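Only one chain is included here, represented as structure tokens and corresponding to the form predicted on its own.
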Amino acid sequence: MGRDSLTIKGPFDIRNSIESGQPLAFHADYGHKGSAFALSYSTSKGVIEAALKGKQLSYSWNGEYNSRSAREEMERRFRIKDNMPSIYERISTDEFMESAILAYNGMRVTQNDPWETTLCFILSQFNNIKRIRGSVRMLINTYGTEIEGSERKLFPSAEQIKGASIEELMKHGAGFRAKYIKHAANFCSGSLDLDSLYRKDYEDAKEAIMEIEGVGDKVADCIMLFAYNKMEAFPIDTWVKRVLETVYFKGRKKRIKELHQFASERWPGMEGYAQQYLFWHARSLKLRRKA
């Protein structure tokens, strides 16, 4: 196991970055170590453990990682190099967005492995984060490869999930999504080279990922944003649709296509970041009203 650390420049809210419905939150264990916020998660290469204290992000790794690849993992996963003041300048277009930025200053849009993201967001359909995390943990423990010298396992590949039956996947918390996971595993280990989508533009890559059974507009945009760093992606779920219609259209109902067009005109090139702040702020306001 190796260890290293990074000094964070600019605002960085690690907790909201991993709790706000992004793939990392789906299979990370996190809590507090003293005054630091800590997390641990499995990838296809090993296990990463990290703790943020002030501006210092300390992390350790095992498995196939080395010092260079582990640092790249942290920088990529949490988008450490993002210029947050510049991003905020581009998306801060109104009072609601300003309040979202103030409430969650430093929340990053994470960038994750394509297969991990695909599996997690297929599981996310009509589901909640707690159940998703539990399902992913069961899939890791059942199908993931053991890491030498560790009790933890790697995030299972599409090829490993492909070997599971639909009935087995249902037993591991996938429910009705099991058939979609099975199709995705077959498709991504045969017909579709997920890495090839990095080289495609947003529209073509989105069209390609939607060939997977069960991947609709919202899930496809989640994969485009959280796996492929395509900031034109603007995932629209119930919360995002509601907040857009309420805040920007005075309660008038709008079609998904109209909302995509609105986002592309209002936050061009930064739709993905805008969506994450809208989504999490809307969710949090709803929770506070219930409290």
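Whichever C-alpha set is largest while still superposing within 1.5 Å between the two forms counts as the rigid core. Numbering starts at 1 and runs along the sequence shown. This is a predicted model, so every value here is computed, not measured.
Here the subject shifts to the form predicted in complex with the DNA, a form of this protein not shown in this document.
Shown without its partner, this chain lists Arg266, Lys53, Arg242, His260 as candidates; in the predicted bound form, only Arg242 has a non-hydrogen atom within 4.5 angstroms of the DNA. Proximity to the DNA in the predicted bound form, taken as a non-hydrogen atom within 4.5 angstroms, holds for one residue of Arg76, Arg131, Arg90, Arg152, which is Arg131. The stretch among 153-161, 193-201, 68-76, 122-130 whose residues place heavy atoms within 4.5 Å of the DNA in the predicted bound form is 122-130. Lys218 belongs to the set of residues with a heavy atom inside 4.5 Å of the DNA in the predicted bound form. Looking at Arg255, you'd find a heavy atom of it within 4.5 angstroms of the DNA in the predicted bound form.
Taking the partner from the other structure, the DNA in the predicted bound form has a heavy atom within 4.5 Å of a heavy atom of Arg283. Interface membership of Arg177, defined by any non-hydrogen atom within 4.5 Å of the DNA in the predicted bound form, is confirmed. Annotated contacts: Ser20, Phe226 and Thr238 all touch the DNA in the predicted bound form [non-hydrogen atom within 4.5 angstroms].
In the predicted bound form, not one residue of 139-156 has a heavy atom within 4.5 Å of the DNA. The Cα shift for Leu24 between the shown form and the other one, taken after rigid core superposition, is 2 angstroms or larger. Compared with the form shown here, the Cα atoms of Leu24 and Arg79 move at least 3 Å farther apart in the predicted bound form. Look at Gly10 and Leu24: in the predicted bound form their Cα atoms move 3 Å or more farther apart than in this form.
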